[in-house]
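Given next are two forms of a protein chain, the same chain in both, each as structure tokens and marked structure 1 or structure 2.
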Structure 1
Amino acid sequence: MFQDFNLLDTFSLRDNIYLPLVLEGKKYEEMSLRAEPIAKKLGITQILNKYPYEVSGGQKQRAAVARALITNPELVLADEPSGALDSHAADGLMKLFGEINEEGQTIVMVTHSVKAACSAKRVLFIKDGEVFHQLYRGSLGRDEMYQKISDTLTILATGGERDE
């Protein structure tokens, strides 16, 4: 999943979602069978026949999620997924990730947004190619998680020096 969605404008959303399965050579019946529940969960059943330029960013990204999920992957990789979305859509997307995660799907997301990061169960901080810190959510609430991440970033930025 990408920041700029990377949906093909020559295909309807439905066909975009089918694309990976078509490339695997699956039959049509199987594809539509698989797609239906996913589309329902993501709330995009109504707009499946539309084209990418006809829908909003949030809807496009959800279609991209469907595309990623339809192959029953072991892992979903998301590259700055909320980057091109407004805050409302971004929240919706993170909520969606949460739901999918509860159902057992593992998602690895790269992001610069603290808001997006705090909906994750585990956050790795990477600086100059190295993982230098890790946070587990545990039973922390949203706000607390946000604070923790924020603090880590501050340390990252200032180098640990603190004026007492």
Structure 2
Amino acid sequence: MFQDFNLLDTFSLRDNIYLPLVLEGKKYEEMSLRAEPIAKKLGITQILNKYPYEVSGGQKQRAAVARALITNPELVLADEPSGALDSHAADGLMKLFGEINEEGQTIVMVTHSVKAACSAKRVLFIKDGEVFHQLYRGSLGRDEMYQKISDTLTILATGGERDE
């Protein structure tokens, strides 16, 4: 998932989402069957026939997410996936990520959002190109994880030492 969406302006959102399946040689019926549940979960069913220039940044982001998920990849790489979303849509996306992770897909997400990061099972903090610290969610609730991430970011910002 790209931060700047990489949607093709001459394709509808539906066609942008279908593109990976077209490249795999899938039949239209299968494409439709795969896309509909994802589009519904992302709240974009009503705009699938629109073009990227006709929709908001958040709607483009959700279409890009649908395109990335439609092939059911084992590994999803997401660069700031909630960056263009309002808080409600971002919460929905993090919930969807949690669901697909529970189904066995691995998600590697790069984010500056503490709120997005606190939904992860594991958070790595990178400083000067190296892993500075890591947190495991374990049995922590969202609020506790949020606080641990915030504390770690404070240490990073004030020049804390790297974990060995």
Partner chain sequence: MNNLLYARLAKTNLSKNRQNILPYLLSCIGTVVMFFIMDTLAQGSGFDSMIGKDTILTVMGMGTYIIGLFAVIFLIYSNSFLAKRRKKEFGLFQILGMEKKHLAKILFFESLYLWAASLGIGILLGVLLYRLLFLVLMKLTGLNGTIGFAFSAKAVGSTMLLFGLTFVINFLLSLRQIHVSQPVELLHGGAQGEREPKTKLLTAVLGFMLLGVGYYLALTSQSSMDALDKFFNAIALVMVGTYCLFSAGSIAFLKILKKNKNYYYQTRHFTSISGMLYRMKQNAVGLANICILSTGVLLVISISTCLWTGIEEVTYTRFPHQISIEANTGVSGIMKTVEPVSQKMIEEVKTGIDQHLEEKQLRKKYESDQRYYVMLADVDRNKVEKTQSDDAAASTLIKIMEESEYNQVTGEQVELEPGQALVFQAKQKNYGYDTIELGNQTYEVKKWNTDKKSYILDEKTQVYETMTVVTRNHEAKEAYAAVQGKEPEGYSWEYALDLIGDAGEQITVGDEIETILTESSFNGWVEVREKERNTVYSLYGSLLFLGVFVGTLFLMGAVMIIYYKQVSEGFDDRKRFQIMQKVGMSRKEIRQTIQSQVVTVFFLPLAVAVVHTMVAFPLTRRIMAMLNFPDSNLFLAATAITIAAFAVVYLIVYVLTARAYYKIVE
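Residue numbering: sequential along structure 1, first residue numbered 1. Just so we're on the same page, rigid core means the largest C-alpha set that superposes within 1.5 Å between forms. Remember, predicted model here, so these are calculated numbers, not experimental data.
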*Answer for which single form is the form predicted alone*: 2
*Does residue 33 show a Cα shift reaching 2 Å between structure 1 and structure 2 after rigid-core superposition?*
yes
*Is there a C-alpha shift of 2 Å or more at residue 145 between structure 1 and structure 2 once the rigid core is superposed?*
no
*So, with the core fitted, how far does residue 22 move at its Cα between structure 1 and structure 2, in angstrom?*
2.4
